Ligand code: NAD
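Given as structure tokens, the chain that follows is alone and in the form predicted alone.
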């Protein structure tokens, strides 16, 4: 079987992680990555053996790489001529112009959750709508928060047949490497009500009724979700049975805050480092076992989202969906996660 040739447009926080995840897969290869200009990120691409391209086709921009000692294979158009699918990890607001380039080159494309659903008319998470994205021309992998919500809510919906959800997102204010954002010493409510997170879930699972509020807090580590979900009256579930559902759900981790001494997001991320994850990443959604309680038909729980990494394996499954190489999302998830664990020698 020939490998899927994948281009990464934007080799930054998400792009470098997607490139590594693609590189780990037996059925894919990184055909090239882009940078806007010479920078430390180029050193990483060279070290990994990823061919380097410029986000621009202008000769002046391409030549700047050569002037700084980097071998640049060409511009974005040259890269698109080589690939089957491009994963767009470029900064927000570039989606519309990039989409025109991808369509013109007749390659499949995947955008990230920073772009709106309307750009592609189709969105993706592995557990919610893999089949709907099968053989599509392009789609959008939803945001880290929407991905996190889908991981725990979709299996509940599929069991119960209906869900009404209210969620408050306690959002980190910036990624660890971003020093230009705040708040520094404040809690900043998102005054657009509801926040975009709930409606975004409905782009991948419209049957789930969900509203959301959000606040930004001065931390760079993780997001936390405070979730209240109303199940149907005849749900027949218990707190323990819901926990068992999640324990058997791919990419969800259940741990006890008191017994395991992991009661904060700092301790969650320390755990990710302790188990040997590169960059200290946690692809899984972290649920505190002792923060889950079902009272009659109302479920309360907390979960934590590592904003830099939970969407990374979703991009890999999405590539298989667009290319039509795996119709079973669970098989793709198993293949993706096993390859990544072997790549980083994670037990």
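Remember, it's a predicted structure, so these values are computed and weren't measured experimentally. Residue numbers count along the first chain shown, from 1.
Although not depicted, the form predicted in complex with the named molecule is the subject of the following passage.
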Inset, instruction - Scan 209, 230, 175, 78 and let me know which has any heavy atom within 4.5 Å of the named molecule in the predicted bound form. - result: 175
Legend entry - Contact residue in the predicted bound form, chosen from 195, 203, 150, 112 - any heavy atom within 4.5 Å of the named molecule: 112
Inset, instruction - Give a yes or no for residue 121: in the predicted bound form, does one of its heavy atoms lie within 4.5 Å of a heavy atom belonging to the named molecule? - result: no
Legend entry - Close approach of residue 127 to the named molecule in the predicted bound form, 4.5 Å, heavy atom: no
Legend entry - Distance check, residue 283 to the named molecule in the predicted bound form, heavy atom within 4.5 Å: no
Legend entry - Exercise: residue 9 in contact with the named molecule in the predicted bound form, heavy atom 4.5 Å: yes
Inset, instruction - Tell me the stretch among 289-297, 35-43, 275-283, 64-72 that has any heavy atom within 4.5 angstroms of the named molecule in the predicted bound form. - result: 35-43
Inset, instruction - Can you work out whether the named molecule is within 4.5 angstroms of a heavy atom in all three of 168, 219 and 264 in the predicted bound form? - result: no
Inset, instruction - Sequence order please: the residues of 67-96 with a heavy atom within 4.5 Å of the named molecule in the predicted bound form. - result: 89, 90, 91, 92, 94
